[in-house]
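Coming up, as structure tokens: structure 1 and structure 2, two forms of one and the same protein chain.
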Structure 1
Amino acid sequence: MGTYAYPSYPYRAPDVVGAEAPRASVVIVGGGQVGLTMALDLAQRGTACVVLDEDNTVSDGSRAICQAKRSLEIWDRLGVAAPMMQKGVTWNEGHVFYRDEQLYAFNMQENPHSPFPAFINIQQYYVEQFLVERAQQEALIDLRWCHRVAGMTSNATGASLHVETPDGSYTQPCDWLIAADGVRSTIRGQMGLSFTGQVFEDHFLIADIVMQREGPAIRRFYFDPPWGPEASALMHRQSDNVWRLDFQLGWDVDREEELRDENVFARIRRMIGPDTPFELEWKSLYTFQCRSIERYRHDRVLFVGDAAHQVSPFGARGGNGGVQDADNLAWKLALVVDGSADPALLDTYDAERRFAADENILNSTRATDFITPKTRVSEVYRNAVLDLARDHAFARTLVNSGRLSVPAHLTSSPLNGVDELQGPVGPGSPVPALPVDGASSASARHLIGLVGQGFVLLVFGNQPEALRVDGRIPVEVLCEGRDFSDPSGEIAAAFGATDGGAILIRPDQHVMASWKVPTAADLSAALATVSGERA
């Protein structure tokens, strides 16, 4: 049985076989969740790209199912969040169980004003389908299915790809190459780059089952579940009455034996009960891996998503981290391609996203160590924490069943400017989704809806008229009272803005700088760090 009909996208024969295709500005290798997000973001910024994918359909299996609020905000800007929200299962709450009882519940929705929940659960194949359908509407995106990259070379001016198709091979030169081709990245292999980090020995079994089950959509994590023998287990509801079950199997297992249907079925029945009807839709076995390559930029080649880093799935930091990679890189690359910024700007992608990946890897490693203790002492500590968490709130902060994905706060970014306002939301922080009234854009009901296409200066109260910036990078000035209103004062409070205060926001909806009363020279100096011009 299958609840999903896999699409088959049309293959188009190359214009040239056995020869060199016209040079492309940007080539993205990999038409998955991250590669397609990157392509859409570039297209919205007026940058054409070619997307090469070796297959002609979406991902096999549900894979990355937990899509975080930050990913939904990014996809909303790209015009693709609505069908995901309509199809996905909304959840904000998680429950933690120990043996035969529930210890506590927690809520991930920190912003009651947000237009999006903390997470939706939706199978990756749906996410990719909606991204493809949106990409097919963009004239600047050249999607090429069944075009497999078999080899490549690169230098300081670009890259050259050897591409194989059903009708023969061709060479595709480009100015910029984005490697979004996953954990088994051909580009990474061709360049001789390797991961560093940890590979954990514990094995986990994923089983997607179709069953009818009532109850709220919550994240259920079980330590030492009473049905055993698993040391931990996880349950999530997805679209189409599909449920994701994760089982911790242990270190020394026979992978082939564990994947036999009769053994998978036995585990499922112990978890959901012997009388609950279900059908198995997908199964997979995996180990935790928390690793990264050393650098994400190599001259004209840039790595995003699983091609750059791997984290364990508990915490939903892999796919969501990759979407944030694309969100960070696209605006910078678009400015470089159109000549508004020096290529050195792309070094900030490497710095910012390696910082974020290190944070994700640290959280994932700590979760793995807690979920799968390696020593008797670690196990005693974990069990003591779980016993205390039943009655004591302080102990619940020590329980780690996977610190769930949150937006990266780029506090050490080389692009961060002055912070004269010293508000809670300062340079490097993502813009909060606070409500706005009377916005200049009728469709924008939250602050994040007003920003994200280019640089924006939010101005509060009276301002000098002359805030023009004579440079390569334009800035849109949005004045409180003229372009939006903040009747509750929550937006001003978030930034610490007083009368005359202003906040410079980057195209990826992160704060860059703040001033009590900015001048044109202040703005020019801040933007010079982006463009490479002299201030």
Structure 2
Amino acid sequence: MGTYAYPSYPYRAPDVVGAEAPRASVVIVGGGQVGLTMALDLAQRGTACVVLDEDNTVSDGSRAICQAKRSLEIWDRLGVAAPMMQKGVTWNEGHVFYRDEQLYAFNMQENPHSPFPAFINIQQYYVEQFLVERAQQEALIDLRWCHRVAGMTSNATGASLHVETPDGSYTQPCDWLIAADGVRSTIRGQMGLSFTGQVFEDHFLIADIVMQREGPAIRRFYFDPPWGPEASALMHRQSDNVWRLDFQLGWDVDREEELRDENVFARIRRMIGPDTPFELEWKSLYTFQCRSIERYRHDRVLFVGDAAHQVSPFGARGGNGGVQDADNLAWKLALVVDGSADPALLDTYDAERRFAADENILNSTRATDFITPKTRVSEVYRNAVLDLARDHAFARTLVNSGRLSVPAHLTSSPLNGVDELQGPVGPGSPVPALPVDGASSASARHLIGLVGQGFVLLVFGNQPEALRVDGRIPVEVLCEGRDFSDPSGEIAAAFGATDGGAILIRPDQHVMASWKVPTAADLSAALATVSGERA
């Protein structure tokens, strides 16, 4: 008996069978957490899309459980954070144990004002369910369940998909194709793109159990736990009294044997003790990999989420990275589709998100190398770090049980403009959630809630010049004192803003440029780098 009843979404037979369907502007292949986020973001920007998914339900098993603050901020912009917050379990702290002692604890919440915690734990099926329910309300999203993509071709003007349904197959042409079809991406395979990286020689048994257990919701990571033979173990609380247990088994194991119920139960018993009753909800055996394709844009085909890159789960950077892909791509594609920007803007998606994926791969590779040392000598060093960590603070900084997902700071983005203010939050960084008293709508009590639709220019103090831009892309000007207030001065301090200073914010809530005193020409020039117009 599971705690979750899998929904089954309505399948609709294709309008045409054995023929070509009307051309779509944007098709998203894959209605997982990344494809659905992409669809919602496009719809919010007025761009219609078709979503094709091979089945008619949500993620099989809980899979991703840790959703980071940045994902919640993005989903908040899309009107879907509230049910996730309500269902999810909030946590900010991680505790790391070695043998029978706690080595140290860390707190991920660096902004006391944030309306969101550093993380919530929520089963992936809930995340997808809430995204689907929101998408079902959007007239601009055409959700097609049990429409499996079996083949495709693409050229400089679009792509054509071979789609199979229970009622037969059809051809779906489109101008833009988003490959969000996960780690075994059909689109990636059809295009013959190599997906290369590193495989870690280790097995991890993941078990979700239901049990009544008190105690704070924190991430617990155990190196060489005293109760069992596992090299490491991880424990996380999810909603509905479901707990995620993750056991590191080693490389030379008999997979079938390890997955047998009695062996799984024995491991769980050793970890949680003999008395607490539990039910096993889900189990799965993994080896982990970190890999990526080389480019995320291929003319009219764009790769997002696991179809583009895969990381090991230590750090929760897979799903969270994918959601940031969607956040980055949706506004750009919407501008290109409506003719406001040249397609070259999409190359900045590739540059920015490949940079972010490299960072995610680097971090999760390092963590997995620490957890799964490749050689005997690296194991000796790893154990030396753990042995020293108890008495020597420096060694705790070397202990790596996963560097958890943080938003990408796109500091070397080709879109970044000048940084005259040189504040702590500069071009490429996401806007912090700082309080803005005097905001008009109830949901906009934080700076981040004021931005996220179009481009916004935040202006502090007096402006010598009326800032009007005449290009294809509009900019909303928000003045401190008039449109929002900064009573504590924290916002000005974050950007290093002085009297007359201004900060240009992108539709994905990242800073693009800052000026001491901008002119209309400065602003037009910055926006021309987005649209491709000549300023």
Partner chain sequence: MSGLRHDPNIADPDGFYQELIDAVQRLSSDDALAFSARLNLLLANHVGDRTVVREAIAAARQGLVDQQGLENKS
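For clarity, a rigid core is taken as the largest C-alpha set superposing within 1.5 Å between two forms. Structure 1 provides the reference sequence; residues are numbered from 1 along it. For clarity, every value in this text was computed on a predicted model and none was experimentally measured.
Legend: structure 1 corresponds to the form predicted alone, while structure 2 does not. Core-superposed comparison between structures 1 and 2: the CA of Ala156 stays below a 2 Å shift. Put the two forms on the same core and the Cα of Asp391 is off by 2 Å or more between structures 1 and 2.
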